[in-house]
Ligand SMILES: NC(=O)c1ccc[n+]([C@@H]2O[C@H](COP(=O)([O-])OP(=O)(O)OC[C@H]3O[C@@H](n4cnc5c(N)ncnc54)[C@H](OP(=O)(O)O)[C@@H]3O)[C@@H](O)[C@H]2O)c1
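Next up: just one chain, as structure tokens, the form predicted alone.
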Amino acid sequence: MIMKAVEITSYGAPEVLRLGERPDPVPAAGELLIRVAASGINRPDVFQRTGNYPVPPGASDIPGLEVAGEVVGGDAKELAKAGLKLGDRVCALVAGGGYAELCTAPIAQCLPYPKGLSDVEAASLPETFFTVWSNVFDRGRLQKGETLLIQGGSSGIGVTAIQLAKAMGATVIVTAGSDDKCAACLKLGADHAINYKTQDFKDEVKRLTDGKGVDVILDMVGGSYVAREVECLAEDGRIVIIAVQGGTKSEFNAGLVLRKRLTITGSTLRPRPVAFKAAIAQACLKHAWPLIENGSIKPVIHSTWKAVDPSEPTGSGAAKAHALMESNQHIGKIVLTWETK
């Protein structure tokens, strides 16, 4: 059987994303098969398209790290062990293959939709929630009563981090690139928003914290930001780097790291083993899913695009969705939708 999929035909601009055909994937042991209703779009997909994010060994070369849809395949006994069956609707974190009509996923990385959510909303959850939980709460050890600085508060990661951190009792400061984005972050619950194009976040953080500094920084920039972040951390503060959009080289005052007992850490989620991601999935199910179901946290969807769109030269809306992400004009998540059979 043949399915439709959005392929990276060569490394380059968004137009290299074109609708193609691939053989239907077959779930291996410990996996299930999802008929995809919606696929989340994430910054790593853009990096993969431009040749800057290698596909992990054994993963599909089709982009896409999160999907939502109907379980249509998998070993019945393995599904039953996870409390699942054919016909259930799940969202899943995957190592690749998400921009397709069908996608395999490790059963341990699949979660039921939070009650009341649509396919599009469910597809917007796995990559950002897994990433935020793993980095802000596991690596960053954010605690109730502490202060978190989020670099890029209006991104998919940012809107998730704002809401989760607030729900866990933290004070949240964000940076964003426009007054409108800052206003959107405040509306989501951020305590303070800094327009990094008109204000120096280091000076603003010191002012807002009466010189104490913040306890945790979620950094998606790297580069020259790290030096200023070291200066605006409180004693025993932690920086967690999850992307390096500003470059891989950083110079900072190592003496401050010593004197303030700082931790600078980071991670990438995609190449980690299934067991590691399974633990994050269970933490999200326990801590985050109830907050979504009771309305404390809401998915933030900026726009949806048709994965199969004959009106587009590429056959898909994926190219325009990627162009939007690269423009940085969005607030929240961008999602591809598939016509389900």
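In this text, residue numbers run from 1 along the sequence as written. None of the values given here were measured: they were computed from a predicted structure.
Beyond what is shown, the protein has a form predicted in complex with this ligand; the following relates to that form.
Participant: Decide yes or no: are 147, 163 and 297 jointly within 4.5 Å of this ligand in the predicted bound form, with each residue judged by its heavy atoms?
Facilitator: No, none of the three is in contact.
Participant: Work out which of the listed stretches, 83-91, 109-117, 177-185, 203-211, brings a heavy atom within 4.5 angstroms of this ligand in the predicted bound form.
Facilitator: Within 4.5 Å of the partner lies stretch 177-185.
Participant: I need to confirm a contact call. Of 95, 262, 226, 242, which residue comes within 4.5 Å of this ligand in the predicted bound form, counting heavy atoms only?
Facilitator: In short, 242.
Participant: Just give me the single entry in 277, 43, 302, 49 that has a non-hydrogen atom within 4.5 angstroms of this ligand in the predicted bound form.
Facilitator: Selected option: 43.
Participant: So in the predicted bound form, does residue 19 come within 4.5 Å of this ligand, heavy atom to heavy atom?
Facilitator: Flag for residue 19 set to no.
Participant: Quick check on residue 319: any heavy atom within 4.5 Å of this ligand in the predicted bound form?
Facilitator: Residue-level check for residue 319: no, no contact with this ligand.
Participant: Though only this chain appears here, would residue 171 touch this ligand in the predicted bound form if you measure heavy atom gaps against 4.5 Å?
Facilitator: No, residue 171 stays farther than 4.5 Å from this ligand in the predicted bound form.
Participant: Is residue 234 close to this ligand in the predicted bound form, meaning a heavy atom pair under 4.5 Å apart or at it?
Facilitator: Residue 234: no contact with this ligand in the predicted bound form.
Participant: Taking this ligand as it sits in the predicted bound form, which residues of 320-339 have a non-hydrogen atom within 4.5 Å of it? Please list them.
Facilitator: Those in contact are 325, 328, 330, 332.
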